[in-house]
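Same chain, two versions here, written out as structure tokens and called structure 1 and structure 2.
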Structure 1
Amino acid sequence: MNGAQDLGGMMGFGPVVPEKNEPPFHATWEGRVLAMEVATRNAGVPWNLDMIRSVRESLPPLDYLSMSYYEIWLHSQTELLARHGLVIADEMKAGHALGGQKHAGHVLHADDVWAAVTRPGSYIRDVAEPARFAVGDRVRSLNINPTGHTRLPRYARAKVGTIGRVHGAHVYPDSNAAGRGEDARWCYNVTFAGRELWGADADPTLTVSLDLWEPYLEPA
């Protein structure tokens, strides 16, 4: 979708200033939000990572741009819990459960949370169809403007690049976010020249590499 999260190439937001020795979290509650999200997904809830990203992207631009990173995470967590009837507004206000227990799949106990947070995962899948493109192929990204989740950035649509690497088949986020199943597709690392993305005034030495799924691409 064309939401506030898709900032690539936009001006007016100031420079990106890396924080030296930046800690993983700037406050204790941020780590708790991360743990809650991962633990909840491991408790059998009826949503997935791509659905979570779609909820974050659905925030109104003013809200999205005024929230911190983990505030946006907390929004998606509470929104999905409420949407699926696992919490109610009074429980969120009270900070604890009211009435009977509710859970979507199985109970994840506190002692099991760290293992869930640190467990490696993979979105790599096997597919029968061969890859359409190979390293060195010239491809053009499609000009799409879906109302749902996509991993094709707005600034890189209808642009010509070169396949730099074939990653294998991965869960297709556009389908997974919409509840249509994993629908695994081939994924490629595609390199674009800066001037292809931003015109003749761009730095001639700049290149941008993006991981893009096969449905986003056509031969150039």
Structure 2
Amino acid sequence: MNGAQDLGGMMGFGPVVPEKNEPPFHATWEGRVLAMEVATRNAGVPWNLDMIRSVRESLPPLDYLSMSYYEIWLHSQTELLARHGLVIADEMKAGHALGGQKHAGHVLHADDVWAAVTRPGSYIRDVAEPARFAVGDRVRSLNINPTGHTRLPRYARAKVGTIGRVHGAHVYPDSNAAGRGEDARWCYNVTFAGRELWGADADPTLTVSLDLWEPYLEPA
């Protein structure tokens, strides 16, 4: 969706301000939010990363832009837990269980944490269809404005670029976020000239490369 998360090319946010010797977490609660995210996903909750991103992006733009990173994570956690009846809003108010579901399945234990975070994963799936594009092909990204989750940013829509890498068939976020299954599609790295994206005044030395799924692309 054309939400506040789609920031590429916007202006007016001011300078980038790096922090010296920045800690991984700026408050205890931030670490707990990250840890709960990992632990609940390892307990087999009925949602995936694309659904989480979709919930975050659905925040009203003013909220999204004024919340801190881990506040946005906390929002997506409580929203998905409530939506699926695992922790309902009344329970958050009361501070104890009031009838939302309890969990009887697997739970992540401390001894399993290292294996859970370092286990190699893969988003590549076998598909029957061959890749439509090859390295060096010229492609045009589509002008699409879906109301659901997509990974084609606005700044890279309706632009001509060149296939630089063929990554394999990857889980397709637009489908996976909507609960329509993984529906793996071929995914490519596509390189665009800065001037194609931003016009004649752009830095002539700039290229921007994005990982884009086949349904976003047509031959140019």
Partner chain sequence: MSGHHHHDDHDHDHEGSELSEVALRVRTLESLLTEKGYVDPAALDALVEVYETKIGPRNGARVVARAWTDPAYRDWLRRDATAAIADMGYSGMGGAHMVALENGPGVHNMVVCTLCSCYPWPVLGLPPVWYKSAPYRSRAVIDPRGVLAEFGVTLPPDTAIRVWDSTAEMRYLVIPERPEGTEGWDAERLAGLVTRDSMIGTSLALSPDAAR
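Note that the coordinates shown come from a computational prediction; the quantities given were computed from them, not determined experimentally. Rigid core here is just the name for the largest C-alpha set that superposes within 1.5 Å across the two forms. Numbers given to residues start at 1 and step along the sequence of structure 1.
The form predicted together with the partner chain appears here as structure 2.
After superposing the rigid core, the Cα of His167 is displaced by less than 2 Å between structure 1 and structure 2.
With the core superposed, Leu62 shows a C-alpha displacement below 2 Å between structure 1 and structure 2. After superposition on the rigid core, the Cα atom of Asn145 is displaced by less than 2 Å between structure 1 and structure 2. On core superposition, Gly95 has its C-alpha offset by 4.5 angstrom between structure 1 and structure 2.
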